[in-house]
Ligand code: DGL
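Take a look at this single chain, the form predicted on its own, given in structure tokens.
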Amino acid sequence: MNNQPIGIFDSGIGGLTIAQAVKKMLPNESIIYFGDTAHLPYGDKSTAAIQSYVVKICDLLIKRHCKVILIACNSASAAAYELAKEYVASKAKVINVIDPIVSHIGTHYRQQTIGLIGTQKTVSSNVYQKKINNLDADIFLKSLATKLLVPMIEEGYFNNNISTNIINNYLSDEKLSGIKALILGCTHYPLIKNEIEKYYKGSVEVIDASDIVAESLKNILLSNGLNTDTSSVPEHFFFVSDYTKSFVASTKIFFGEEVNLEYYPLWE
């Protein structure tokens, strides 16, 4: 089982920021990535809809013999993590992107005020609030749904005047006043991290999930004896539920290199 691949999925290409961090931290591990581009963004979908997508995606990753399934999407983690664990059962370990961030916050920001930006689904679920409350670390969370950021990034609008104006408008919202750090509660957002840091000018730490989640995955593999043989040559496969040329071009930006995408519809 050790040399079986790691399955990673997201509503689109945002999860490739996680996949890139995993590839860098665990260079011998094979990755199977699924982007559910036919249904993006998940942030404005119902819980029932997201759960139906996640079950179908888990079917694919189980058939591909993944030893771990990483839900590289905050909206899907909030809506379907517990269902995915129950559905997959003992066939693979299921992990999400939220728990590693909450653990990091609990370690480094006790008795602090923390901000969170994410999709409507992630923010309205209150999943971060509930998990942070369970830490009993006297952390005050301020959350803001930033609905335009995912479609903006998916369309390639970042590091320009348009994205800067949208980002600054969100970050200046009084709901985020007085924060010590800001959680990027969507795997798309690392691509605009520089613009967010530019707005804060060093006054707020911007917390990117990518490396934190990759480190957590590494620890889970080691503690469960699932890390692959160091002599193994990794193979990476990428699937999307809706294939477009623009998406192919965008994957290089997210993953840092060219990838070959295979079309795999969730429903025929």
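Numbering starts at 1 and runs along the sequence shown. For clarity, every value in this text was computed on a predicted model and none was experimentally measured.
Below, we turn to the form predicted in complex with D-glutamic acid, even though it does not appear here.
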| query | finding |
| --- | --- |
| Close approach of T119 to D-glutamic acid in the model of the complex, 4.5 Å, heavy atom | yes |
| Residue contact check: V68 to D-glutamic acid in the model of the complex, 4.5 Å heavy atom | no |
| In the model of the complex, F34 touching D-glutamic acid (heavy atom, 4.5 Å) | no |
| Contact test in the model of the complex: C186 vs D-glutamic acid, heavy atoms, 4.5 Å | yes |
| Options 231 to 239, 212 to 220, 22 to 30, 37 to 45; stretch whose heavy atom lies within 4.5 Å of D-glutamic acid in the model of the complex | 37 to 45 |
| Proximity to D-glutamic acid in the model of the complex, single hit among I179, V94, I192, V150 (heavy atom within 4.5 Å) | V150 |
| Residues of stretch 57 to 79 in contact with D-glutamic acid in the model of the complex (4.5 Å, non-hydrogen atom) | C73, N74, S75 |
